[in-house]
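Just the one chain here, laid out as structure tokens, in the form predicted on its own.
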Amino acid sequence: MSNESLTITDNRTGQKYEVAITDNTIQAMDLRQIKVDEEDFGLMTYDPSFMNTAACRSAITFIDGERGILRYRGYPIEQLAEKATFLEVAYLLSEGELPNQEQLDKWTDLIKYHTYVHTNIIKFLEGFRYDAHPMGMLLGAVSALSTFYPDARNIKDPENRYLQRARLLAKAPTIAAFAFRHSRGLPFVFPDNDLDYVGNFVNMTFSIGGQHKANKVLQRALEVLLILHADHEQNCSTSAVRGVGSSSVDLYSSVSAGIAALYGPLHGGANEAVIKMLDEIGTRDNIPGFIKDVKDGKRRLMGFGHRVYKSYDPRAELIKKIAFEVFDQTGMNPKLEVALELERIALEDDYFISRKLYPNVDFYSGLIYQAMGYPTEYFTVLFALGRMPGWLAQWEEMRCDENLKIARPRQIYTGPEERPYVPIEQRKALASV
């Protein structure tokens, strides 16, 4: 018997089975051999919300939640956040290695070439109500890109896939900026390709009557936030991109599924919930009462805890540092004082420590976005811009996976057994609900 195997005894039959262990996992299909008789379907696993199921092999992002480690293609997030540009990180996620100067120049030129959107996309965005949520606008416009680039359906051509990934990475900031301007009744500002990727986006969002004079500290802070959000393994939105993409649909439709997932308040909307919570607390004097309500189950502590991280989220540590740099430029936000005191109390309280509730990436990011002039409903759009390289890289990796099949989870049927159809005149009235 191999040491790299698992021996399973079926107590129903006494039969023993040996299942191979690879990369500390077993193949779920190996369990199908475990049957009571030949007509038995075989054993399945039941894992709601995929708490302990690996759906793919990936070389993109490594996370160790117990030790608070996050790496992109092996590079520590701390080093990338300090030294890299967003387009360098996007290239790294896409190609697997950091670019040399020639590769980066070529990559940057390609992105700049595709920053403009078709004029009909502008008309499409103008058709939204003045109060349309910017994430809904981003979702609709990215999905619509599939009709503007029908060649994207040719997903078997690697060069074509590369072109579509570059197009979407280039056009996402333009669409996002247009959504921002639309919600304010401002004219759209077109891309200025003399600016870098992040600078161009900032200019498109905030320019009034000429090129926007960006604060370099705030602009770099925004770039670091985008880098910190660039990928995060098989989260809800990335799983959506892969799941929809497994049907062999085009890139734009696949990524729009990720945007839709990120739209949800339990995923991309968490930093908005933190701002709301801080507003409700109001002042530091109200924190003890709020903490008591959390322990009593009356309130929720937003921005703490994570599905993966069971220690301090490494991104949260970096963002906390950025927050101070930003507020040195903009002036102290009273909410930051509340946040710092809330964090201090929570990190010293056994109630939260025992539950491994540490600050996550959302706890401080909303405060920074707000200080930069972005409204709360726009926070998730910024999240989507940051996550775009990860979605693109995950989609490409999925397309190249020799084990790729259309996603099709199993279920455990809990409904009634077979029963005959009853004519309507013979049916009894259902009890009113």
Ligand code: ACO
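We number the residues from 1 along the sequence you see. Keep in mind that this is a model prediction, so the values were computed, not measured.
As for the form predicted in complex with ligand ACO, it is not shown, yet the points below apply to it.
By the criterion of a heavy atom within 4.5 Å, residue 362 is counted among the residues contacting ligand ACO in the predicted complex. Looking at residue 303, you'd find a heavy atom of it within 4.5 angstroms of ligand ACO in the predicted complex. In the predicted complex, at least one heavy atom of residue 351 sits within 4.5 Å of a heavy atom of ligand ACO. Using a 4.5 angstroms threshold between heavy atoms, residue 87 stays clear of ligand ACO in the predicted complex. Taken together, 267, 270 and 307 are fully in contact with ligand ACO in the predicted complex: each brings a heavy atom within 4.5 Å. Contact with ligand ACO in the predicted complex, judged as any non-hydrogen atom within 4.5 angstroms, is confined among 93 to 101, 240 to 248, 187 to 195, 353 to 361 to 353 to 361. With the partner omitted from this view, the residue of 80, 294, 278, 322 that lies near ligand ACO in the predicted complex is 294 [heavy atom within 4.5 Å]. In this stretch, 374 to 388, the one residue having a heavy atom within 4.5 Å of ligand ACO in the predicted complex is 383; the partner itself is omitted from this view.
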